[in-house]
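Shown here is one chain on its own, the form predicted alone, set out as structure tokens.
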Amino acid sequence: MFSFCSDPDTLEGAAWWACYLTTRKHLLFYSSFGTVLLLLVITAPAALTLGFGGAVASRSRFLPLAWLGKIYTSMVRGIPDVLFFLFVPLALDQGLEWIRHHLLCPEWAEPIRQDGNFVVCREAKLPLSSAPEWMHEIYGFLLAVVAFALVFGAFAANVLAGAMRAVPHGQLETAAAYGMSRAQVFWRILVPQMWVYALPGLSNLWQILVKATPLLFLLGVEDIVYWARELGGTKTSVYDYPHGDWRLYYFLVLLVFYLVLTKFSEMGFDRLTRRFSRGQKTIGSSSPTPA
């Protein structure tokens, strides 16, 4: 990055560190922090949307819809997260390629399953083998987002369903007595009040989601864990910047990053709790919080 970095063998002290910390791999390491934050920014609203839909479905008077909501929350919550994270991207990837294979290669005569291998025509591959590397990375990242959203959406559905049940039923009956329709009672009375009951559980779920982001490494995404292990490992003299086993220091950086992210998350949820508690009876209190 710097002009004096052309010959690493002549570097010492601060110059060595300046060149070492600005190599291409280190720049990818720094950008991988953005990958983790992007995963959280996309997954959190997606999981909350799925959770809200699951919670509403489980309360439905239409039995098939209620069963669907309850099966979703129960089945996903009962499967180990790691197993689900490994299964969903693989199943989704093969499912999409299977559909594309039958649409794009109808003349294909060989079976798709061959001795345990999944084989489709070249045109059906996702992404195409000729696609640039960044498309492969984005595709893998999107599969990871789907897996995270499905898992944490199920947990969010359970939290939101419990929050809906916690809203005093008398308020709902009073609103109905004043002539409100079921939809009006739901959107104007139930939903605004449920958040104060849901936020403690959603806060814990967010922290779990944050701690689960290193699972990106298992899904083949070059995240901060991947680069910390890659850069921190022992580098012999064949490398431009040889060093010993520095993984402890790189993982210490990750530790600080997650602690800082957790602290800011707690501050954010504290503000949300105060915001949604205004004018309502708070949990464990008989008097409403002043507006």
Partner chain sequence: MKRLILSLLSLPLLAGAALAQDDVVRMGTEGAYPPYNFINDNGEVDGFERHLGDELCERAELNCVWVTNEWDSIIPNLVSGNYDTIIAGMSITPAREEVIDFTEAYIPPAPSSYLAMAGMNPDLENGVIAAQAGTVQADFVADSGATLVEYATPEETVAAVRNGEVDAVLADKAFVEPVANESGGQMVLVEDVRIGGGIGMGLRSSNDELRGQFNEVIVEMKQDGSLNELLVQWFGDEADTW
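All values reported here derive from a predicted model rather than from experimental measurement. Residue numbers count along the first chain shown, from 1.
Keep in mind the form predicted together with the partner chain is missing from the figure; the text below concerns it.
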Report yes if any heavy atom of residue 176 sits within 4.5 Å of a heavy atom of the partner chain in the predicted complex; otherwise report no.
no
Is residue 186 close to the partner chain in the predicted complex, meaning a heavy atom pair under 4.5 Å apart or at it?
no
Taking the partner chain as it sits in the predicted complex, is residue 119 near enough to touch it, meaning that at least one heavy atom pair lies within 4.5 angstroms?
yes
Spell out, yes or no, whether the shortest heavy atom distance between residue 239 and the partner chain in the predicted complex is within 4.5 Å.
yes
130, 136 and 229 - do all three of these have some heavy atom no more than 4.5 Å from the partner chain in the predicted complex?
yes
Would you mind picking out the stretch of 60 to 68, 243 to 251, 32 to 40, 45 to 53 that comes within 4.5 angstroms of the partner chain in the predicted complex, counting non-hydrogen atoms?
243 to 251
So which bits of 18 to 44 sit within 4.5 Å of the partner chain in the predicted complex, heavy atoms only?
23, 24, 25, 28
